[in-house]
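This text opens with one protein chain seen in two forms, each one given by itself as structure tokens under the names structure 1 and structure 2.
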Structure 1
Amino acid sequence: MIRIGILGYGNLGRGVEIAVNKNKDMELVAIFTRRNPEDLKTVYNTKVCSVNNILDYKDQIDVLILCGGSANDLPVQTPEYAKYFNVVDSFDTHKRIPEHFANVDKAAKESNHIGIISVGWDPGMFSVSRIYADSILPNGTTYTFWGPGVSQGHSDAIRRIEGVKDARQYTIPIEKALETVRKGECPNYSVGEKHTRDCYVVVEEGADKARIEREIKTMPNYFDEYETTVNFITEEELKKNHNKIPHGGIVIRNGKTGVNDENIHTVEYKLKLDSNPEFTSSILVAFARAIYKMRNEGRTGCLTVFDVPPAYLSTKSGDELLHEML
């Protein structure tokens, strides 16, 4: 049995708790939290401990899955806990990945652990999809479409506007752009030419809707480059119709082969997810299995999804893989 620990218990930590429970080669030792452990309501009767006692579990946990946020938690936590545990995180601030990698690599190498970072679907499975397609078809163009799905960051940005009580933002791929790319064409698209943004906003009584709509649509980086639709709805409607966290997206590479580049190949990887955090949790758990095996073979340092042979993710033996999966 692979002994798992979870640090942080939001949507992601809860998803990991469920996923570990459904993987028969794993057991969940404990959930660690910064909150008062008694205040945590877990899904199963999982042991909950204060993060202050986490080092007591140093020898009882094979892989610690870090379920904090990329903005403030993971840049500190992953290098810190890589000193004591094999760790997995879903760090998703693309620009800061090289710096984060270096920090985790140093800590993990010095302490003989493995840390694997940016495990999720983007970065993560989308990156895997990109590297395979790019390596096979070096002469080509890759497109990433996000959605349809809820963007947490954009929803938060709307909530910060004065007069807004709550909001949900959906990122929607533009069907026409998708069609063009699927035909094998290679246009130059900006992000705004690939996606629209639909906002569902609950305002406080008497709030100036026209101003709020204008503030949303002109918000730099978040909305100004996109065709944005703002729908004002009631709190009840938001709770009833927008209580899920679906997401998804598509990576497409169009590549040419042949003496005169006369043949076009389209490789498409598509995700349609009912629950963004539960799918990400499932990925974290599969990669926890992989690094457990790789550590047992002597590997240390920081890894990414690019460094893991697919076989290590599976519970199946080499023989079973040859018979059933190849």
Structure 2
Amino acid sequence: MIRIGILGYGNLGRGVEIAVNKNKDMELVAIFTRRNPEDLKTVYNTKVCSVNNILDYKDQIDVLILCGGSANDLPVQTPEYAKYFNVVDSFDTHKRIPEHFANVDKAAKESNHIGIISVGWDPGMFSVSRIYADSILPNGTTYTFWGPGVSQGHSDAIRRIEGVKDARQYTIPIEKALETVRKGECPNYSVGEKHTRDCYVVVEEGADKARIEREIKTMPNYFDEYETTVNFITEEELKKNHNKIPHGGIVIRNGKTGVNDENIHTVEYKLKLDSNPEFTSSILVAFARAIYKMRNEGRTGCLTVFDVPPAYLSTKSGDELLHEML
């Protein structure tokens, strides 16, 4: 059995707890939290411990899955805990991935551990789709459209702003741009020409709404490149109308082959998700299995989804994969 630990118990941590319980080759050792463990109610009454005691479990956990936010938690937590555990995270700030990779790689190699970062559907499964399509059709252009749906990372980034009590951020594809790409055309779109962002924000009493809106719209790596709308609503309205976390997206590669580029090909990979955190959690758990296998083969350091053979994600044997999947 692969022994799993969870650090953080928000929507993502809860999803990992559910996913581990659906995988027959895994067992959940404990959930670690910064909150009072006695106040935490889990789905399966899993053991809950203070994060202050996490190092007591370093010999009892094969893979620690980190479920914090990309804005402030994971840049610190992943390299720190890679010193003591094999780790998996869902760091999703695309522009900072090389920096994050270097920090985790150094910590993991020095401590003889293995880690994999930026595991999810984007970055993650969409990244795999992009590399396959780009490699097969080198003469072409790749487009990624996110949404419509709630971005966990962007919502978390808004909640970190002083004066914000809660928030949801929806990423909306611009339909005209999507239609153009699906026709096989290859326009040079910026990210802001493909999406808009809608924010629904609950603020604390007396908070400066003008400052909060300004901080959201100018936030680097999150909102500054997009047309962003900020809607201030009540907590009751947020709970009533924005209590679910759907998401999805599409990767499209338009490429040409032939002596004179006469043949046009389109590769499309699409996700439609009822629950963004539960789907992401399921990916984290599959890659936890993969790095467990790779560590047992002697691999150390930091990896991404590009470095993991698909067979390592599966519970099936090599023979079963040949017969059932290939």
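Take the two forms, find the largest set of C-alpha atoms that superpose within 1.5 Å, and that set is the rigid core. This one's a predicted model, so the numbers in the text were calculated from it and none came from an experiment. Residue numbering: structure 1 sequence, from 1.
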With each form of the chain shown alone, which structure should be assigned as the form predicted on its own? 2
Please determine whether the C-alpha atom of Gly163 is displaced by 2 Å or more between the two structures following superposition on the rigid core. yes
With a threshold of 2 Å on the C-alpha, tell me if Ala71 counts as moved between the two structures once the core is superposed. no
Quick one: once the rigid core is lined up, does Ser111 have its C-alpha move by 2 Å or more between the two structures? no
Give me the C-alpha shift of Gly206 between the two structures, core superposed, in Å. 14.2
Expressed in angstrom, the C-alpha movement of Glu193 between the two structures on a rigid core superposition is 3.9
